[in-house]
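Presented as structure tokens, the chain that follows is alone, the form predicted on its own.
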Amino acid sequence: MNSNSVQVWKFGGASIATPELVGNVSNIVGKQLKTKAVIVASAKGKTTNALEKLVKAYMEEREEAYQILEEIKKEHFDYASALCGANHRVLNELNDLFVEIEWILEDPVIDPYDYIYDQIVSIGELASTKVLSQYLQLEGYNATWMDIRDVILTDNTHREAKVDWESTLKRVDKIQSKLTTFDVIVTQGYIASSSENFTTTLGREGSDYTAAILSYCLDAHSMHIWKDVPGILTGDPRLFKEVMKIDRLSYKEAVEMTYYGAKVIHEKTIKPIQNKNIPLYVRPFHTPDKEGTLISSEEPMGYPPVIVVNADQVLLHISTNDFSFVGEHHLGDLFALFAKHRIRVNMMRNTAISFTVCTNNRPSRIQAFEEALGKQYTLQKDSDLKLFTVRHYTEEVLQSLTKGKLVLFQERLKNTVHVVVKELVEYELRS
């Protein structure tokens, strides 16, 4: 088999949330399948959110965990029955998966939160792909299911695992051998395995990244992300009325957009496919014949202003208690703590005696970071903020975004402006 003939398709949870939508996936396979395809699928609908609630309940030793699990099980059994029939063997396979969670719930809480999270939440992807693969077989496709944990190997950093590329490349022949027999392989996004054979995850919304990993390892012809939007837009249509589709993006521009928080594709997705010049298509799920957005090595003539909004931001103002300058050794210590406590620096500013960063509001991480600062530093927080990032900005766009808001922090680069704002009404009430 020529691996360059393989396409890698990613379907998110919204694309397979209901039996009717799964039927649409089948139609896409029927119309778009040219040679061979690897389908990477997420957990269906809001399953990941429900499993996260279950993890929290278990870690807090609340009986509610069992009730949440029963609701998730019923929803999946109903889903599978509607697609495959009430007596299909996939229901037994689903039951076996949920038994793995029951075993965890029966034991006292001993293991760390992040480890338990990966073992439980990963069941969502395994369950959805079991059903999807069986349904495609019933629809007449030469399809099979595969456990991605047999292929993608990572380190032991649970919830944000790092890929062991060398080991993963050695394992990819397991996919290639299946593709000699089957036209379609259905596998999971987001999840992987450590060298100790424990389940790991690649970071929230990491299914895009899984598809990129497989595209790279298989030297895929192309990668396709199926979304419920026309393609990559100049802004979130839920927040802005006037948005437009971008027909073409370069890898570089896509990396910039995702790094600054654009939610259309996962931020780690671009690098693997760029390394092998694999085109990425972001395509409309409901109108699959339309082109969507192409991301490739070609640089278009120009771009319109693109707005990325990160809500629930916090400014951390860090100063030394002895009123000394914040020097290189201080910054080295601070960034080591940022990395340790997984605090992402979205913006930063250094003055003589203080250092300020804008980051996502993750209360538990920030609290642990503050405790680790010790007596040498003082930390002040300014919360309930938004971070606007505008690529290829114009003054008109900036003025419209900041109208009626207090600008706390602004940074301008050649093609990009970052603005941290607070709603004025809220600020006046609290002053």
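All of these numbers come straight from a predicted model, not from anything done at the bench. Note that residue numbering follows the sequence shown and begins at 1.
Quick note: we don't show the form predicted together with ligand ASP, though the next part is all about it.
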Is ligand ASP in the predicted bound form close enough to Ala43, Thr48 and Ser207 that every residue in that trio has a heavy atom within 4.5 angstroms of it? yes
Exactly one listed stretch (374-382, 62-70, 35-43, 395-403) reaches within 4.5 angstroms of ligand ASP in the predicted bound form by non-hydrogen atoms, and it is 35-43
Of the residues spanning 118-132, the ones with some heavy atom within 4.5 Å of ligand ASP in the predicted bound form are Glu125
